[in-house]
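First comes one chain, alone, set out as structure tokens in the form predicted on its own.
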């Protein structure tokens, strides 16, 4: 764990959980596993705050606890996971991916679980159904009148006549906005059913985007459950394993429990001061058994990462070749999702016949054309697809490790080109391809003058992007009898660039927090005015009152707010873009470690 990782973890903890949690979390990251007494003594944080901070970290999976290193009876020790904290940076990407795949319901399910760490299925379904119901118009249903809604408008006119003359229900029609306004008691059917949210939850579990949390085991349970062995005098006790169990190690990790939850989401019709107390009382009253008590669910980050990896490979194939080639690779990856291990270097072999039958019907491609595309993918220098046999019309695999290596290589080349120019990128690519070259060979192959090539090589060498290897002819290492070869070691260079990316993201977060602090008064004023406008609009205020409130912000302040929001949006976008590079580099490094 490097200093840049600890710094970035501290900023993420401060932004999401506060300064106290940041202090406790960073202390555990630097000091390793520690018990409660040491944490209180070295951080200077009161006991109750330390306990609450540890509870927050454990709730979100960023901290695990186990029995002490001295064996049974020793104080419980806590340690934090740097990788889990860094996943906070990728929360927007998880939510956006779920929205793309499963719509608004899936998006809210993932968002709730990310915000709260882990929840039961029943509580998640209730919360999401209530939020979806709230998003529907609680007071009125406004239907805009245009050419595309003429049938719907005629239907509303019929409803208007029936309700007006038979049941004496007043339905208003606003001529200025061309909207039909219906009283709220007529909208009771527009509530999200618990069954729909449960179905979306089940789909997320079936595709392994959600998984059960491993059963909570007491700190000393492992030590007490171990078989007692006679201790030999003078022999130290065997250390207790502190590795937390993985969710996949339990057979019911992806089994959805039978839940007896029937009803619809509830809509809040008031927002008074005592609303929180009423909600708390209602939560206690509604705490009835639904059949899933004690079964908590969490987001499966590894499944999201596999999806991101597949999408990166598909996008690279589309950019390198064409859309049809990327669709063939997408089909191969989809077919091997279940059969391929997450740490495998390549997918399971698939025959050309299976690939042809599994292509989407919208791609009306003949079998010979599919064979030509597969041959083109195999012969491509990027080697995304390889051939593993001849049976079944040819057996093909997707080279996952080779694809990640090529994506990481393209990232390194892009960084060199943006920082040092196209000629330096040409030298860098040349060294990646030729492995070892002398300075004279670099000048000749790259077709760059000797002086410029020398300056570029020394610049890349100073930035640790290029390494210099000495091969002596004699044991005395005399310069006149030594070959000096330039080379690029992709794996160490990727690790160095990964640390630079961590530093970049930390700088972006600090800059965003600084901008928010500097403009705190203006932001608070804008939020107060927006709250006043929302309350006035809900109470049916006149346009003159709304205009008067809007004029409380001057034109200069509006320009400052617009510039500030634009600047913060750019910083957020930059964080997401750097995180994409972080993901590719991390995937390549982890894949290389698993293959070695």
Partner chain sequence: MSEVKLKRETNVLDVVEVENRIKELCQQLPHGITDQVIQNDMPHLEPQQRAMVINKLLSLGQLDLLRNSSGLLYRMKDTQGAGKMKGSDNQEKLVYQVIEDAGNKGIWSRDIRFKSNLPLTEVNKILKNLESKKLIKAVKSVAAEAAIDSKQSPMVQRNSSFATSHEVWKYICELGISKVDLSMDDIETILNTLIYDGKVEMSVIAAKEGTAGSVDGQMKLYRGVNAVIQPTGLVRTPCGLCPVFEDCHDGGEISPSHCVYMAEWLDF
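Computed from a predicted model, the values in this text were never measured in an experiment. Residue numbers count along the first chain shown, from 1.
Beyond what is shown, the protein has a form predicted in complex with its partner chain; the following relates to that form.
> Quick one: does residue 82 come within 4.5 Å of its partner chain in the model of the complex, counting heavy atoms only?
No, residue 82 is distant from the partner.
> Could you tell me if residue 366 has a non-hydrogen atom within 4.5 Å of its partner chain in the model of the complex?
Flag for residue 366 set to no.
> When the contact criterion is heavy atoms within 4.5 Å, does residue 447 count as touching its partner chain in the model of the complex?
Because a heavy atom of residue 447 falls inside 4.5 Å of its partner chain in the model of the complex, the answer is yes.
> Is it the case that residue 336, even though its partner is missing from this view, gets within 4.5 Å of its partner chain in the model of the complex, heavy atoms only?
Output for residue 336 is no: heavy atoms all beyond 4.5 Å of its partner chain.
> Out of 510 to 518, 198 to 206, 344 to 352, 386 to 394, where are the residues with a heavy atom within 4.5 Å of its partner chain in the model of the complex?
Among the listed stretches, the partner-contacting one is 510 to 518.
> Identify, from the list 503, 303, 330, 401, the residue with a heavy atom within 4.5 Å of its partner chain in the model of the complex.
Of the candidates 503, 303, 330, 401, 503 is the one lying within 4.5 Å of its partner chain in the model of the complex.
> Quick one: from 323, 463, 134, 490, grab the residue that has a heavy atom within 4.5 Å of its partner chain in the model of the complex.
Checked against the cut-off, the match is 463.
> If we check its partner chain in the model of the complex, which of the residues in 401 to 431 reach within 4.5 angstroms of it by a non-hydrogen atom?
Result: 407, 410, 411, 414, 415, 418, 419, 422, 425, 426, 429, 430.
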